[in-house]
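We begin with a single chain expressed as structure tokens, specifically the form predicted on its own.
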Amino acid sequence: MPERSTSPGLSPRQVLIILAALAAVSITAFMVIGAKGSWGFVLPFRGTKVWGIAMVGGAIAVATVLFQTITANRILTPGIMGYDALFRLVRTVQIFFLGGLSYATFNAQLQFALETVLMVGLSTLLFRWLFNRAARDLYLLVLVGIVFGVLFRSLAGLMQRLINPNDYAVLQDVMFAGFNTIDKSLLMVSTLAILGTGVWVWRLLPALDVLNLGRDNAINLGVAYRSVVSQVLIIIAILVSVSTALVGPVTFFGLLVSNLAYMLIRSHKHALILPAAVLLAIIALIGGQVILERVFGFDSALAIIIELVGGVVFIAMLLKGNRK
């Protein structure tokens, strides 16, 4: 079956080639523009940063597309369902009981492993419970997710009011997304986790395409719906946990790149949508870093701009849905 073109003369594969070229240009610009000193130092230093940003952006993009597939709704993300609040609660609990100094000097690899395992476990239980109870009612699913998010924020807020000011200062420093502070020692294990889940997703591509037809149609066509959704939820939990533990929560970034991918590709095939979303994430993050570092001179935080643009897109999609 021929692929639908996104515009006259452009097929989805051609769009992917263009996106790949733009991603390559963004990476090249990041690596060479403004470089001073020894290339033996500059290239490994910036290359490690590009590596981390690409891994995080790809993980967020894939997790968002998968979450929108199983919920059959393009305005939902794991962050909207309270995942960012869960991350903040986990960090707050750690600093509340360990103290700011002990947290700051804690082994980075062990801390990353503990945070990832804890968030994967809690989020998997949460999402599975939500889907088991609310599989037929999207509005109830969203409502329960918001309630859990409010609960996590309230618990985190209570603990933040009880800790001393020094610990609170440490907490504020680690509560927000930062693409300039990726720990290099965590990149290898993060990459292995993300690539491993990528292989898992690749094996699920045919079932994911069928899930786009809806729960009942997927079951009638022979898809083991409960098994596939459970696997996807675990994949989402791993991807979002790893990316969040690495840079912090980014609520609307996945929403932004996933909907741009749908708009450009205009296909139900995840083999096309997922690569497009990943490439768009790389272009947005690395291209954004180039603009901020060279134009604004680090005066603005990339995460703040991404959240602003993503929030505007989210509101626009809600208003568009209401008009329809």
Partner chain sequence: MIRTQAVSRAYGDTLVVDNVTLDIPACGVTSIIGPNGAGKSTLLSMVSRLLDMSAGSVTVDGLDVTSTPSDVLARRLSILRQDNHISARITVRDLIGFGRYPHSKGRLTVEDRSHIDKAIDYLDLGALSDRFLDELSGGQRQRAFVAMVLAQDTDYVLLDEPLNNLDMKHAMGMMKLMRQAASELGKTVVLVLHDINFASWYSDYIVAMKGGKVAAQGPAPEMIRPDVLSEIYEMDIKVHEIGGQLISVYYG
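Numbering follows the first chain given and starts at 1. Every value quoted in this text rests on a predicted model; they were computed, and no experiment measured them.
Separately, the form predicted in complex with the partner chain exists; it is not shown, and the next lines address it.
Of the listed stretches (49-57, 279-287, 263-271, 32-40), which one has a non-hydrogen atom within 4.5 Å of the partner chain in the model of the complex?
-> After filtering at 4.5 Å, what remains is 263-271.
Decide whether residue 231 counts as a contact residue for the partner chain in the model of the complex under a heavy atom distance cut-off of 4.5 Å.
-> The answer is no: residue 231 has no heavy atom within 4.5 Å of the partner chain.
Would residue 209 count as touching the partner chain in the model of the complex under a 4.5 Å heavy atom rule?
-> It does: once the partner chain is placed as it appears in the model of the complex, residue 209 has a heavy atom within 4.5 Å of it.
Is there a heavy atom of residue 222 lying 4.5 Å or less from a heavy atom of the partner chain in the model of the complex?
-> Yes, residue 222 lies within 4.5 Å of the partner chain in the model of the complex.
Non-hydrogen atom contact residue 226 with the partner chain in the model of the complex at 4.5 angstroms = Answer yes; at least one heavy atom of residue 226 falls within 4.5 Å of the partner chain in the model of the complex.
Go through 154, 111, 217, 102 and name the one with a heavy atom inside 4.5 Å of the partner chain in the model of the complex.
-> Among 154, 111, 217, 102, a heavy atom within 4.5 Å of the partner chain in the model of the complex occurs only for 217.
118, 143, 93, 72 - the one with a heavy atom within 4.5 Å of the partner chain in the model of the complex = The residue in contact is 72.
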